[in-house]
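Consider the single chain below, provided in structure tokens and representing the form predicted on its own.
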Amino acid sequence: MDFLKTYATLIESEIHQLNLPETPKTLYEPQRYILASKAKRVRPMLTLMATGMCGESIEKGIPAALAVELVHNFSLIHDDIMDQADSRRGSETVHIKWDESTAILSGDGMLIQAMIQLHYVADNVDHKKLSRVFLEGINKVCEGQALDMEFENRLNVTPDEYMDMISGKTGALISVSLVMGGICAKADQKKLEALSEVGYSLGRAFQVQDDILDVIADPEKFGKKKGGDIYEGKKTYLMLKLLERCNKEDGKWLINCLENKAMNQDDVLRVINLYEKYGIIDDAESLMKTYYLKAEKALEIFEETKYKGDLLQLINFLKNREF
């Protein structure tokens, strides 16, 4: 995507220049390791786009963009420990390459590094507002993660509860990325609220889309086993809509599978057939499109600039992604 090269090059250059000391090695080496892994850098790109859309040079948003990327990677290190994941971005996870204690500490250090970045924002920016938005956003991510963990042991989770959960776990940091970019450009409250709406809408759309792709995507492109969420018994939007909509016989079988936390290949294929039988995939695709449209509509208050055009182009790419 050529239109993203300017942002990607700038972000990678700034990440490379981060002042991460050589010692203690067990603190900083894992941080350098995860930051060097192949990543899309979507969140810091959004910060720079928002800064540009609100009338400032994108360079003014660099400290906030770095803060967002650092805290995102902090959350990934800890998420991988909680999920006991072996790989991330095609490489060993930090807790596998080192150990859990090292991973926890290096993750904590990345959170501190993220907060340090906020001190490099221009003096004429409202630092109090910037810090509040950042910290409240991180707290919402933690709330979303906690709900996700609670849902693992509940069968009565509703689709609405799921949407609230992903608003925190996925949407909050995307929203923060955009709003912080706006704050760095000294945008007014109306524009900051619009940026927040864009972020939360993109987060919801992106996660529901992931739920859909788990079932319909080419595993080679998606990088995950087809029906992986079903094998794991995850409470995705599709699964929750199926529990809500299916008849008594199908519901009894499905609940039994989820309670026993055991799905074989035949079970997964049956669930996918039930998704088709009850129109679950069509329903999820409609919801996904609704949220992408909300994000696009929220951008209407901004002037037509290169940065707005780039963001709309990015949204269009995400909307049509196959992985």
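Counting begins at 1, following the sequence as shown. These numbers were taken from a predicted model, which means no experiment stands behind them.
Keep in mind the form predicted together with a further copy of the same chain is missing from the figure; the text below concerns it.
Among residues of the shown chain, residue 306 is not one whose heavy atoms approach a further copy of the same chain to within 4.5 Å in the predicted complex. In the predicted complex, a further copy of the same chain sits within 4.5 Å of a heavy atom of residue 26. In the predicted complex, a further copy of the same chain sits beyond 4.5 Å of every heavy atom of residue 163. Among heavy atoms of residue 237, none comes within 4.5 Å of a further copy of the same chain in the predicted complex. Here the marked residues 258, 261 and 281 all miss a further copy of the same chain in the predicted complex; none has a heavy atom within 4.5 angstroms. Checking 244 to 252, 174 to 182, 97 to 105, 225 to 233 against a further copy of the same chain in the predicted complex, the stretch whose residues place heavy atoms within 4.5 Å of it is 97 to 105. For the options 217, 76, 157, 111, the one in contact with a further copy of the same chain in the predicted complex, meaning a heavy atom within 4.5 Å, is 111.
Out of the listed residues 190, 127, 89, 221, 127 is the one that sits within 4.5 Å of a further copy of the same chain in the predicted complex by at least one heavy atom.
Of all the residues from 150 to 187, the single one having a non-hydrogen atom no more than 4.5 Å from a further copy of the same chain in the predicted complex is 150.
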